[in-house]
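Below sits a lone chain in structure tokens, taken as the form predicted alone.
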Amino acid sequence: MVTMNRNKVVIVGTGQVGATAAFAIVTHGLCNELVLIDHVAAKAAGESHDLDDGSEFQDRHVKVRMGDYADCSDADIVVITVGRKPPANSTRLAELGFTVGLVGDVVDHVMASGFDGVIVMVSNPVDVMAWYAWKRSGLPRTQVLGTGTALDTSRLKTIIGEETGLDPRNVGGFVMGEHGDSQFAAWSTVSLGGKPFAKFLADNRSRFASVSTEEIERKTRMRGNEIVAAKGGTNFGIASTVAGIVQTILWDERRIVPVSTLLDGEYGEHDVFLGVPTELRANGANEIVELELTDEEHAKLHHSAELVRSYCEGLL
């Protein structure tokens, strides 16, 4: 099980996302040892040397090295980022056929090492891949999770900050469901400075007459696609998200994060991974926070669940 001593993290896949996640983990000094694995060993070696060479100027030394799957045997967390850069105008779900073979092979090798820590799935479509990794690994549900709608929630808060001119850290609330086109902002949960966001807008109509929740939600949903169109991929936002999740687990912070986790009766759903507010602690994803959603929000969550579940059919 997780050793709770901030010891060892393994990242499988050292592409743009994996390498940037490694950088975020190192710069925050989150663990003692970070091991990078890639099917191109030279890439993992180059990234590990490059990261380790800057240790003189980090607040805390994290030993970074290239490794292999045997290193997973005593790892606290294995982060899986394998995949390929999606083609232009593609969707996360469109990458399913390519990614499932890669993820299945990685999970098999990780489990063959004797691994008994927490798998953090990043590969897209992340909800489907997290479910697949849970089924294939045989690990308890707490020990397999995906990044879910954690990044989407951060994007929502950032965009609200842009629209209002206020620090996005003043915003509470969640984006829920699939990390994809069927995600939705649970507006009944969103607040600004402790005030329900709808009430905040109503009380400040003269200042924020042009602010639209529909437009904020559209921008949140499209943000990733716009970044891909502008620079060819997303890496900084998801890397910060991965680092935050890794810190929360390794440091047993018991923070509530909208990760992709197994629903087993919560919100009336079963056998599906979706992004929902979940308590993270040293052994992974624990209690799901069941929010009092509106009927419309419940319907959107069920739609998202049906879509993700349909993509899981036939994978095993």
Ligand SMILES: NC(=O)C1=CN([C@@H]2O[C@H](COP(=O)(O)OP(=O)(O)OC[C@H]3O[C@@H](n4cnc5c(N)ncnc54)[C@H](O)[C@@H]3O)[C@@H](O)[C@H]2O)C=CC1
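Numbering starts at 1 and follows the sequence shown. Since this is a predicted model, take the numbers as computed values, not measurements.
Heads up, the form predicted in complex with this ligand isn't pictured, but that's what we're talking about next.
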property	result
Full three-residue contact with this ligand in the model of the complex, heavy atom 4.5 Å, for 145, 278 and 284	no
One stretch from 51-59, 252-260, 268-276, 34-42 that, in the model of the complex, holds residues within 4.5 Å of this ligand by heavy atom	34-42
Residue among 216, 122, 192, 186 with a heavy atom within 4.5 Å of this ligand in the model of the complex	122
Answer option from 171, 82, 175, 110, heavy atom within 4.5 Å of this ligand in the model of the complex	82
4.5 Å heavy atom contact, residue 25 and this ligand in the model of the complex	no
Close approach of residue 304 to this ligand in the model of the complex, 4.5 Å, heavy atom	no
Interface membership of residue 245, this ligand in the model of the complex, 4.5 Å heavy atom rule	no
Interface membership of residue 128, this ligand in the model of the complex, 4.5 Å heavy atom rule	no
Interface residues of 213-240 toward this ligand, as seen in the model of the complex [heavy atoms, 4.5 Å]	234, 238
